[in-house]
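First, one chain by itself in C-alpha cells, the form predicted alone.
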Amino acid sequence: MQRLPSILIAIGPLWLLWIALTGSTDPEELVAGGIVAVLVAVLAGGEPFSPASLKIFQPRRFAYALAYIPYMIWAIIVANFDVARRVIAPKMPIRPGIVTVKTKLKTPVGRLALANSITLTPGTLTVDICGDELCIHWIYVAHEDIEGATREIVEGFEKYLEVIFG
C-alpha cells in the first residue's frame, strides 16, 4: 500500500502520453488509454513517479543533469579521437585489459548510469558491477591500481552523477 500514491500519480501522465502518442480523443481510445495507463502504473509499481525518483526535478540536480549532457558528448568525442588515432597509427600502443574501479555512487540507478556512460565512451566497456566496484575493459590500461584507474575513468562522470543520483 505504500506505493499506491505513486501508482495514482503515475496514471495521469501515462494516460496523457497515450493520448499524445495516439493523437486521438475518441471515447474508445480514451478508455483504452486509461486501462493501459492503470495496468502500466500497477505493473511498474508507480516507480517512475515515486518520491525518490522525483528528486531529479530538484533545481540543483536538474542543472547538473543538463550540464552532464555536454560533458558526456565531449568525453565521447575525445575518446573517439583517441581510438581512431590508435587504429590509424599502428605504432600507437594498445594495452588492453580489465581493471577494477570504485565508485562513490550509492544508488543502483546512479551506478547503472555510470556503467552506461563508461560503456558509451569508446575504448572502455563495463563488464560487471559488484557493489561499489566496476570491472572495466580498457583499450589502454594506463593504471593497474584501483585508485589510478578510478581517477582516469570514473571521476569525470562521477562528479555529475553523484549530484544527480546520489
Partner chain sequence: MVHHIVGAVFVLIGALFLFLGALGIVRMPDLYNRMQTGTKATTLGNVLTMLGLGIMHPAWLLKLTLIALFVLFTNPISSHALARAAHRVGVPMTPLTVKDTLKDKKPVVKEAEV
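Just so it is clear, the model here is predicted, and its values are computed rather than measured. We call the rigid core the largest set of C-alpha positions that still match within 1.5 Å between the two forms. Positions refer to the first chain, counted from 1.
Just so it is clear, the following notes concern the form predicted in complex with the partner chain, a form of the same protein that is not shown.
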query: Residue stretch of 28 to 36, 58 to 66, 103 to 111, 128 to 136 approaching the partner chain in the predicted bound form, non-hydrogen atom distance within 4.5 Å; finding: 128 to 136
query: 4.5 Å heavy atom contact, Glu144 and the partner chain in the predicted bound form; finding: yes
query: is_contact(Ala41, the partner chain) in the predicted bound form, heavy atom dist at most 4.5 Å; finding: no
query: Residue contact check: Phe81 to the partner chain in the predicted bound form, 4.5 Å heavy atom; finding: yes
query: Any residue of 117 to 132 that, in the predicted bound form, places a heavy atom within 4.5 Å of the partner chain; finding: Thr119, Leu120, Thr121, Pro122, Gly123, Thr124, Leu125, Thr126, Val127, Asp128, Cys130
query: Core-aligned C-alpha movement of Ile153 between this form and the one not shown reaching 2 Å; finding: no
query: Per-residue C-alpha change between this form and the one not shown, Asp132, threshold 2 Å, rigid core fit; finding: no
query: Displaced residue check between this form and the one not shown: Ala142, CA, 2 Å or over, core reference; finding: no
